[in-house]
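In the block that follows, a single chain appears as structure tokens, in the form predicted alone.
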Amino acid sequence: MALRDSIEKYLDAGYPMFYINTYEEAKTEDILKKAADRRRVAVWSVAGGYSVYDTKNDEYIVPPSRGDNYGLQNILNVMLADANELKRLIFIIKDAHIALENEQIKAALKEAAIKINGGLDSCVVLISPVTKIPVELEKYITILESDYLGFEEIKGIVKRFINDNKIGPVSNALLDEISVALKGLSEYEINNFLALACADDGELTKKDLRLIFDQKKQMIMKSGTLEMIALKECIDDIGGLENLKEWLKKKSKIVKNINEAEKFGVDMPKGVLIAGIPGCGKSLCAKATAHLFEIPLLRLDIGKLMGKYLGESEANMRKAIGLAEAISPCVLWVDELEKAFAGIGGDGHEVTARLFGSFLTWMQEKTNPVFVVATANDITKLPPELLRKGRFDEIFYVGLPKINERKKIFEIHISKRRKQDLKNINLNQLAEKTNGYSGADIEGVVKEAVESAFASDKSSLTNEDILDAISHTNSLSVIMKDSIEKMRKEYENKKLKNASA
């Protein structure tokens, strides 16, 4: 539901207080004025003080002083003393996170909410770039989400910028491409980007798309809830896991041609859960998926969502999901899923349980092209609700690499470092000698062998160098023998699809 529709609905229902988490104060204020429907509008901010909106002249005016100053506490006291001051009023409080640090203001807002509930057809709107809801106001506040701009809105902003600044002709195809790339940015950020893009040559060209990627990376970094991962690894960097790779290639065709796929009747892909032995390529698969799909990779760290204020963690989850949807199509990588939602159902985990519920609901109902890649080392620690049909398109089990996969992994890592020496390496022998080794073990062996050869002033990497490194390496199957056997049996019992052929 659009923000204006939500505001009008809750105003008509008599809700006393809204909290809108946004940086775009001017845009939100404009929406509130349009939704006012003959209600009066007043605004307070730390910098600007108190003013009342004059509908006739479309401007804010500062009314004659009623006291010593126009601090928020003073304004609220006046409103509480005379019900007519609150009647049919939308009172917008900017910088709400600062105002709510004052105990007297919190108490006054609670009293105002109680009076509004008495039938004043009014509302207090708290606007802030961060969500901080005091426990005293929890029952009176309704959190509303600020909308991300849609494709047509973004296209309109770009067109206006082109016309206002007399930019050279931009083809419809490039206009569409730029508008799609700008998804997730605010109007302020879009105009800043367009000005930056035109600063060097006065034109908008395809090369400016790189600037958009950098702008989005900045936005994601500043959000504090998501991380944009650079795409270096590709599907060919994965040794083995042929079943998973073939499955991802099929999904890639759908994601790259989503409009045609939907017309054909194909459902929007939800994502994949990749579970199994540590160090066997799960994280690599997440990175390679985004590279294969040719879309951004965002990493969600559930731990970073946790906040100290009531409702802050849930607001951060909504913000992260909203940002991913706004930037879509993209891959959303949730690493070590079992740690993120550990302890669901136990005492003292109410916040984690609420976050888990929000994530589950979104996974079940999402329609935006956000492809979730979740990775987990121990599926036995995952809540069973996550494994039900409809959450993920498929769940794959990644075990220790087989002999042919170990051979391929050796080939990949030797080629990255000493491709010229590969012809002198007996890959079959190395694969046979590393039964029970993980992909990470094999990479460590190759790195150690190359380092040792260099330190010994050798001109090339030899088979003996690698065999010597193998002899000094304890494999994962030795270090985690009992845990691996337990996990293997669990995955077999659940009849999960094996990632390897």
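If you're wondering where the values come from, they're calculated on a predicted model, not measured in any experiment. Start at 1 and count along the sequence shown; that's the residue number.
Below, we refer to the form predicted in complex with adenosine-5'-triphosphate (ATP), which is not included among the displayed structures.
The three residues G436, M480 and S483 each lack any heavy atom within 4.5 Å of adenosine-5'-triphosphate (ATP) in the model of the complex.
Stretch 273-281 is the answer when you ask which of 116-124, 421-429, 246-254, 273-281 has residues with heavy atoms within 4.5 Å of adenosine-5'-triphosphate (ATP) in the model of the complex. Though adenosine-5'-triphosphate (ATP) is absent from this view, in the model of the complex it lies within 4.5 Å of a heavy atom of just one residue from G322, P269, P329, G239, which is G239. A heavy atom within 4.5 Å of adenosine-5'-triphosphate (ATP) in the model of the complex is found for exactly one of V46, V52, L467, A440: A440. Interface membership of N377, defined by any non-hydrogen atom within 4.5 Å of adenosine-5'-triphosphate (ATP) in the model of the complex, is confirmed. adenosine-5'-triphosphate (ATP) in the model of the complex comes within 4.5 Å of a heavy atom belonging to H413.
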